[in-house]
Each structure stands twice: as C-alpha cells, then as structure tokens.
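Read the single chain below, which is given as structure tokens and is the form predicted on its own.
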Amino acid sequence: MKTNPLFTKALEKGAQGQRLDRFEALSLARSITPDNLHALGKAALANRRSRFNNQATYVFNLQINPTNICGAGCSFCNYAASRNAPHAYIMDEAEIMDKVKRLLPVEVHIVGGLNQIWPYERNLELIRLLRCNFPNLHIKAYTAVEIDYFAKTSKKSEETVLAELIEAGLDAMPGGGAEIFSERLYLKNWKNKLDPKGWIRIHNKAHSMNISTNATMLFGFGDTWLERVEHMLILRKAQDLNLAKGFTCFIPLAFQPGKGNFIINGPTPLETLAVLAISRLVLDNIPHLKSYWPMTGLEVGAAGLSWGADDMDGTITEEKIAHLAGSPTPVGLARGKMVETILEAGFEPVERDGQFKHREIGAELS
C-alpha cells in the first residue's frame, strides 16, 4: 500500500517532539485509516516516553457543581436543567464545605450553570470560603463561559472578575466550554453562550494575569477530523504567546450522546485513541495530555496512556456532567483503583498536585 510521504514525515517529526507545520498536522487528520492507526499510536507513545518516561500521573480531586440549572440551551447537553426539571438540583455552601472537609481532596474542580441562583458574587464568596478553610487546597474553578457570564451579569470587566477571583484564592481555570473551535458547529449547537474567539480571548487574559488554565475539545458530535486538528492548531498558536503561564493540560472530551440527543453513538474507542495520539503530536507546547476516563471508560482511559496521554485526571469524586449524559463509568474512583488501573496499563503511577507536581500520598491538605 502506498504511504503518504507527508504523513510519514509528520510521524517521524512528531515522535521526536519536533513541531509539525500546518500541512503536516493536517496530514494526520487526512490519513486516519485502519492501516495507519498503529503507526500513529507508535509515534505518539515515543513522544510521550521522551517527555515522561514510564510515569503516569493522577490527582486526588473532587468535582463540585453547585447547580445544574442553566439557561444556555446547548443542544448537546444532558447535564443542564431548567429550574423545574426533574433532575435539577442546587447545592448550598454548607453542603460543599462538608464534602471538602470529609474527603480532603488535593484539588477541587468547580463548574456550574449559567444562572442567578449561584450568581457571580456567591461564586466569588465560595472561593474565598474554601481558601480560608483549606489554605493548601488547589482551587480550579469557572470556565471561560462562566467568566464571560459573570462579567456581563455583574457589569464588571472580565479583567476585574479575574482579578477578584485571584484575590479570593483562585489558582487555575478549567478548560470547559471550548467545545470545538468551529463556527459551523457553534451556530448550530451553542450559539447562546461564548463563541470560540471569546473563549481564546478570556484564556489569554487569564494567562496574562498569571492564571494557568486547561484546554479542552469536545469531539464526536458531528465534527470532522479537519476541524479537530484546526482546534489544536488554534490552541497551539495561543500557547505560543503564553509559555510562562498558559495551558497546562489538553483534555479531549469524547461526546456522550445521552437520551434523546441528536447523535445515537459517540466516538469509538479507536477514534478516541487516535484523537489522543494526534493531540500529542500536534500540541508540542502544551505540557500535559489527559486521558479523561469518565467519558471514555476506564479501559480506554488506561489505553490512552499508550497513545500519548501522560495523565488520567484523578478520583473525580461525584462527577456529574458526564454521568447525567449517560456515561456508564464509575462516578468516582478510590486512590487504590487508580493506582491499579495505571499499573495494569503498564505504567508507573505517580500522584500529583493541581500544578502537576509529584506529591507524597497522604500529605496534609490544611
């Protein structure tokens, strides 16, 4: 079988950690065939091993979603609820604090809906309350979509909102809300919330204010391979501007169809692994690549470590977003299960903190 020489060149450069130019990166997307998948995975694994040897990290974390009431109306979301929907819920501060005190996670990941039940001021005070009670807790909170909403509803600038969150104790921002940087899909599926250019703008502002962030990409809901690689190239360009404090980690999110949605099946396991591999080869300037097991399943999540990923996120106690969309994965994992999963995948498990620094298991939170 004849091999595309540009694809071969991209694999060779990517395996060595060299930057792929635009045409080489796009050649990966244009060459996704069963015959090429093994070579793609092999190149991504070589790149991953040159960066991280045989280590694979995880974090003991707690996901906090104060409420799922949201007015954005995204077509693909089974998590969001109207105020009177059967699956709507609202948490209060005492409940949140009790969870953190009881579980003592290393990191909290806070994402909520767009609503005035938990408006900006209340979310700001939650950060302050967590920082006051748990001074060593890594607080990663509020997507760019939420920052945009906070600014508009509080009539403050985005810079002011970010500055106030930093003052209250914010450490980092998650990467949610990016979906995929496609104007076509934006207008079709989430036109009532922040657009792709706005997402990049807010993350650039956060980076300039010394806030590290994650980056995500939702895939498998009608997007194309070319759109996926274009998304990565946009992130790579943004990262070039902010190497000191920029994107810490990239997280491809496999779409969960849920009930009654417009797509019956999400991406296949091999498709998910191919996305991870291309991500590792294209995103040379984003340090970490996460295999997000709540949306892939533990088996595919662990396999992702051999396709370029160096991190499996963590215990993610009480994850709600993927599971309300129908994900069959466990709601949370114990440390022991995470260690066992990484070992069975053939890698060395290393617990990390929210900044990807290795840590001793059992170190005190406060």
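Source: prediction; values computed, not measured. The first residue of the sequence shown is number 1, and the count goes up from there.
Same protein, other form: the form predicted in complex with a small molecule, not shown, and the subject of what follows.
**Q** Counting any non-hydrogen atom inside 4.5 Å, which residue from 275, 218, 232, 147 sits next to the small molecule in the predicted bound form?
**A** It is 218.
**Q** Using a 4.5 Å cut on heavy atoms, which of 281, 295, 162, 126 is close to the small molecule in the predicted bound form?
**A** By the 4.5 Å heavy-atom cutoff, the listed residue in contact is 295.
**Q** Given that the partner is absent here, does residue 290 sit within 4.5 Å of the small molecule in the predicted bound form, heavy atoms only?
**A** Residue 290: contacts the small molecule in the predicted bound form.
**Q** At the 4.5 Å heavy atom threshold, is residue 109 in contact with the small molecule in the predicted bound form?
**A** Contact check for residue 109: yes, within 4.5 Å of the small molecule in the predicted bound form.
**Q** Taking the small molecule as it sits in the predicted bound form, is residue 254 in contact with it (heavy atom to heavy atom, 4.5 Å or less)?
**A** So residue 254 counts as contacting the small molecule.
**Q** Using 4.5 Å between non-hydrogen atoms, is residue 176 touching the small molecule in the predicted bound form?
**A** Yes, residue 176 is a contact residue.
**Q** Taking 78, 214 and 313 as the candidate spot, are all three within 4.5 angstroms of the small molecule in the predicted bound form by heavy atoms?
**A** Yes, because 78, 214 and 313 each have a heavy atom that approaches the small molecule to within 4.5 Å in the predicted bound form.
**Q** Residues in which of 116-124, 246-254, 130-138, 86-94 have heavy atoms within 4.5 Å of the small molecule in the predicted bound form?
**A** Contact criterion met by 246-254 only.
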